[in-house]
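Take a look at this single chain, the form predicted alone, given in structure tokens.
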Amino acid sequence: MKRRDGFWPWLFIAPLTAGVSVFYLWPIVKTAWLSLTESGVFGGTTFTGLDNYTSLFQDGDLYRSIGNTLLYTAIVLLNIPIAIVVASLMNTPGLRGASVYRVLYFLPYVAMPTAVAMVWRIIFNGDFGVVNYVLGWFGIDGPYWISTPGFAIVAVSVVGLWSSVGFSVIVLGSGLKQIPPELYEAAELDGASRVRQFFSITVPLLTPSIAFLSIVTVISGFQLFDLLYAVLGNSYSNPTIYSSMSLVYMFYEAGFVTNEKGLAAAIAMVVLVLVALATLVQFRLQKRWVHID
């Protein structure tokens, strides 16, 4: 903005600045302050310095939660290569019903998480679930997926992977529309096979969409809570939750179950820092592999 523009530019950005300040910046400042305090039973706070962070980093549940969150995020990231293949197949010239396929793939993304979780709880049921029924064909005795430590977080990750494919297919399908068809025609004239065209043209030119999806997926992975809660339940109905909880679930337990608001605020700040670091690393690395015209 130049000085001769007067106050008009500031007037136009004022609503956005006010919204960001009130709904984003102020909650961060407030949470940072709460993380340095201890809340009383009847209200009020007492400044305790870094005590909440000291007890948090001495708690083994923190590192278990980080591990579960990273495992969930890594598994859900697999939706991107799956979506690249699916979107490329649906973009095949002359394919009939492509719009119907897009709707079918996108439906899980817009479905209610609770309804999705209820269906998957039946699928993963250890006694009569579809998964163990299919494993039985091969002589494999499947575990109780949502109540066995180690398997529970994998089961939740599979649901997250299934739910996220549709969104990635839509984004990558839009990216495929931006690739000039002349490139494929020139490749065919040079004798390039479909597989060679896929790896030499499609994947490199989709890297901006892939970078966007990887950032969004990692951020949503660190926010895992509702799906975990809906599939596994709470600590009263499923003791496995403690070995499978994510960072945000740990925040929920501290803030709303044990009423340790200072500790919950410290967990929230750790989540914020981890998400910021992961996003920063992704932005740094994408300069090396993202193809930008």
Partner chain sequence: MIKRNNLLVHAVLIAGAVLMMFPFVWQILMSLSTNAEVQSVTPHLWPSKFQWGNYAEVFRQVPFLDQLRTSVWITVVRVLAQIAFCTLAGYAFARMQFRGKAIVLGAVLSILMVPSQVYLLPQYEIVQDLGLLGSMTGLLLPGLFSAFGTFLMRTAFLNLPSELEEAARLDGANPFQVFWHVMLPLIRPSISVLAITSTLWSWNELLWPLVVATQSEDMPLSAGLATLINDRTVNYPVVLAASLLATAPVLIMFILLQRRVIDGLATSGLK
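Residue numbers count along the first chain shown, from 1. All values derive from a computational prediction rather than experimental measurement. Between two forms, the rigid core is the largest collection of C-alphas that superpose within 1.5 Å.
This protein has a second form, the form predicted in complex with the partner chain, left out of what is shown; the following refers to that one.
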*in the predicted complex, Ile28 touching the partner chain (heavy atom, 4.5 Å)*: yes
_Please tell me whether any heavy atom belonging to Tyr144 falls inside 4.5 Å of a heavy atom of the partner chain, as the geometry stands in the predicted complex._
no
*For Leu56, is any heavy atom within 4.5 Å of the partner chain in the predicted complex, or not?*
no
_Please tell me whether any heavy atom belonging to Phe198 falls inside 4.5 Å of a heavy atom of the partner chain, as the geometry stands in the predicted complex._
no
*Please state whether all three residues Ala117, Val130 and Phe225 have a non-hydrogen atom within 4.5 angstroms of the partner chain in the predicted complex.*
yes
*Ala74, Met112, Ile140, Leu189: which sits within 4.5 Å of the partner chain in the predicted complex by any heavy atom?*
Met112
_Based on heavy atom distances of 4.5 Å or less, which listed stretch (216 to 224, 179 to 187, 149 to 157, 199 to 207) is in contact with the partner chain in the predicted complex?_
216 to 224
*Quick one: name the residues from 87 to 109 with any non-hydrogen atom within 4.5 angstroms of the partner chain in the predicted complex.*
Leu89, Met90, Thr92, Pro93, Gly94, Leu95, Arg96, Ser99, Tyr101, Arg102, Val103, Leu104, Tyr105, Phe106, Leu107, Pro108, Tyr109
_Aligning on the core only, does the CA of Phe12 end up 2 angstroms or more away between the shown form and the other one?_
yes
